[in-house]
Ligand code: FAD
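Below you will find one chain, with nothing else, as structure tokens; this is the form predicted alone, and questions on how it binds or moves follow later.
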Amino acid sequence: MTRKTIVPALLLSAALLIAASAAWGEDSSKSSFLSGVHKKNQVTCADCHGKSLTVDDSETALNKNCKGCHGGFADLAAKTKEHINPHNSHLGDTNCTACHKGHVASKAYCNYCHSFAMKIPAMGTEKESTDKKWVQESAPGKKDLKSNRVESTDVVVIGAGGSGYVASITAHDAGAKVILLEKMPITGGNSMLAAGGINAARTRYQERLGMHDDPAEMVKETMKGGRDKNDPELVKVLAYKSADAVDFLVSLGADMTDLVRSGGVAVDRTHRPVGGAAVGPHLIKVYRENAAKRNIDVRVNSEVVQILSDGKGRVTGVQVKGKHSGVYTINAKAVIDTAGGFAANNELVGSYKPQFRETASSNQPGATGEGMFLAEKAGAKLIDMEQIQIHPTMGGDTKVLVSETVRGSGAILVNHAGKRFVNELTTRDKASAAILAQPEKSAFLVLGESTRKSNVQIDGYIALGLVQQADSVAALAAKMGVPADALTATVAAYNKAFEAKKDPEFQRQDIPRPVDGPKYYAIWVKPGRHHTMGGVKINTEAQVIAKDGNPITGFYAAGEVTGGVHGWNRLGGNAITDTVVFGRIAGSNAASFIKKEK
């Protein structure tokens, strides 16, 4: 099976820098290796890397020096002239070195998901980044990348997305020493891109609104959405622990007070920040702050290349390949795999679903599936790997996912003939199939002013240039390229359904708002790869299950790296629930296991 790893082009190793420094001495001639303003200003190695010239994999001191010289993100955001502000993005306070390079041309990390014509100031040139003299002189330094060092910890967590952070925080609070490893230059994973919210039943926020949601209904709808191919025991855990998951997030400082409905659900069960802000960036910010407060050891640019075991059914740690430190070993009493899915891996997706190989993916570039196969090599059973979800609404030819909560807030789906063609709140697989059944294999989200005001994410889509807007339905139709009379009739019929609180044409369960003025909006959308439902088999205790059906001792997993929770189709809003519920179980049980071993 071919698996293509998608990893962004990053900084040259600091080990190469050190080798070059030795070769060229300590005079200013080494500035010939620098790009942009660093070269012009004759910056020395020590100015950026410190006197020791050593760089850890997370590039901690280097990034501190970047901000010491150039200012923090808020300072830089205030100075930017770009229409899209890269220093005030949903990625939060990440490493400067994720985008900026001292020795080669800088590249906007944003462009791994978006396509911005963004010139980075002082970015240098491609010629400088491929300087033959630099490469030849520094090549011997590559030998220094290998290391035989061995570390020890209680729990090592693979993947710093939502599940990884939740598991790490939970294990730490239960008394375990934790190391959290992330192969990418920033933390957050796919959770960083989550737009909707977290599904939870019988929460205090629902009760305050007079809603009496039943976890049994969440089980029923999740099973139905997954075509009854889910593991029912895992689904029960998901549903009955969902309210506790929301309380946990709130205890960390998250805002989960706003409620909306996602597809395949009959009640307002999706909890999100007030005003409809994207849930993912908010939660990752909260997780990062809580991990920092606890002094949890979080390492980026640290790829796990092997899960170690004793050959007797017990994991014993991991082997890591650090960007600067090379290969080293972490011995651990428990390992938690939260490495995510593989929807960003074209080759791997294509090996299971050839028809999806060339579709766009809404995932961050690190979602390439290595965590599943590392677990398999350690004895884990993989299930449902061919179950790959297509999300119905990605912004045209972009990789930007238009949140399901836009439909949940009142938007309608309209085809190129200007007509509705599906219940907007059906499950993702059915909505995607309905769009792909249209001759153009695309559609439009059409919404009014009240829906726009209810969901702050729509302002972001406007800023990204994904939204057409007009002062009348007929004028909007002209911009969309659809028949004005048909779209006008469609909007009128929908607004009539809103007044009657009944949708005779498509039986939409909830019509919270009309398509109203004074302005009208449309977003061109296409289905694209979004979530992989298959992965590592786990039980209700988040223990990884071996091919023989028994738990692997000391091995846990949570989140999109696992299979069984969502069956053959995931409901919108259930992914964050999955990361929190099973992330907490994995962290808690790993810590308990360690205490028992002592």
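One rule holds for the numbers: they count along the sequence shown, beginning at 1. Bear in mind the structure is a predicted one, so any value in this text is a computation, not a measurement.
One more form of this protein, predicted together with the named molecule, exists but is not displayed; see below.
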query: Joint contact, M184, E370 and H530 to the named molecule in the predicted bound form, by non-hydrogen atom at 4.5 Å; finding: yes
query: Of N230, N455, T393, S191, the one that lies within 4.5 Å of the named molecule in the predicted bound form (heavy atoms); finding: S191
query: Selected contact from A332, I158, A375, V446, since only one has a non-hydrogen atom within 4.5 angstroms of the named molecule in the predicted bound form; finding: I158
query: In the predicted bound form, segment of 66-74, 558-566, 51-59, 534-542 with a heavy atom within 4.5 Å of the named molecule; finding: 558-566
query: Distance check, E303 to the named molecule in the predicted bound form, heavy atom within 4.5 Å; finding: yes
query: Interface membership of S362, the named molecule in the predicted bound form, 4.5 Å heavy atom rule; finding: yes
query: I435 within 4.5 Å of the named molecule in the predicted bound form, heavy atoms; finding: no
query: Any non-hydrogen atom of G408 within 4.5 angstroms of the named molecule in the predicted bound form; finding: no
query: Sequence-ordered residues of 569-590 touching the named molecule in the predicted bound form, heavy atom within 4.5 Å; finding: R570, G573, N574, A575, I576, T579
